[in-house]
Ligand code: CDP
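First, one chain by itself in structure tokens, the form predicted on its own.
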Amino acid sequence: MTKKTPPSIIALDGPAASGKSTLGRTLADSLGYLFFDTGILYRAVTWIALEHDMNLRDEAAITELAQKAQIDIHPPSKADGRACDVVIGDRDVTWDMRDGEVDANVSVVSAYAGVRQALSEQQRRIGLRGRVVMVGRDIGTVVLPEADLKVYLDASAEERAKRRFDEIIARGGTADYEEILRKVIERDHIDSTRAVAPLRPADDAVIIDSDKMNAEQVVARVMELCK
């Protein structure tokens, strides 16, 4: 693919709570691009399965659900921190998908080959239109290997757990840091060892460790790469 300035397709990968969404939203706003956090599709399927009391270990049933699920994504309708509206049927589930039960189970659902195939096809179709910042765990390696710019945003499990804890508290919720840290470590293990599209940097990705960087510094670094 011919390189463009700024890059037309930007892939942002990395582990949970590494700051990908914050970076992606800011970058997309600055460039006037579409922001697409692909993880919301996996969260949506997980949420639907939990709402219908489905057995999340039934790979065939969850795969069929992913293939048939009608999930709509719209520009944000409320100024409550959301990047978009996620609507299933006539219900806005944007924040419902951020609860602890979805957090605890989304890696199980996203590890299924059939689920990843069903949702990756939709992600790729959107991404190939260009002028997009796509955030996920396998964008640069699987979904859009031809992306013009690939960034892998990393951070320690401890730092990511703290960020998630602070986010929940800021929304008025309650949280246990040690429990969040345990789930972050567990999710890292699942994501990095799964047989299908494991979490890893693309060979040509720029790796950024954000442990000692604030959000503004990370954005500035990636904007430099875009130039």
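Quick note: we count residues from 1 along the sequence shown, nothing fancier. Because the structure is predicted, anything quoted here is derived from the model rather than measured.
Only in words, not in the display: the form predicted together with this ligand, which the text now covers.
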item: Residue stretch of 151-159, 134-142, 81-89, 67-75 approaching this ligand in the model of the complex, non-hydrogen atom distance within 4.5 Å; value: 134-142
item: In the model of the complex, the one of 205, 9, 17, 218 near this ligand [non-hydrogen atom within 4.5 angstroms]; value: 17
item: In the model of the complex, residue 107 touching this ligand (heavy atom, 4.5 Å); value: yes
item: 4.5 angstroms heavy atom contact with this ligand in the model of the complex for residue 42; value: yes
item: Residue 124 within 4.5 Å of this ligand in the model of the complex, heavy atoms; value: no
item: Contact flag, residue 163 vs this ligand in the model of the complex, heavy atom cut 4.5 Å; value: no
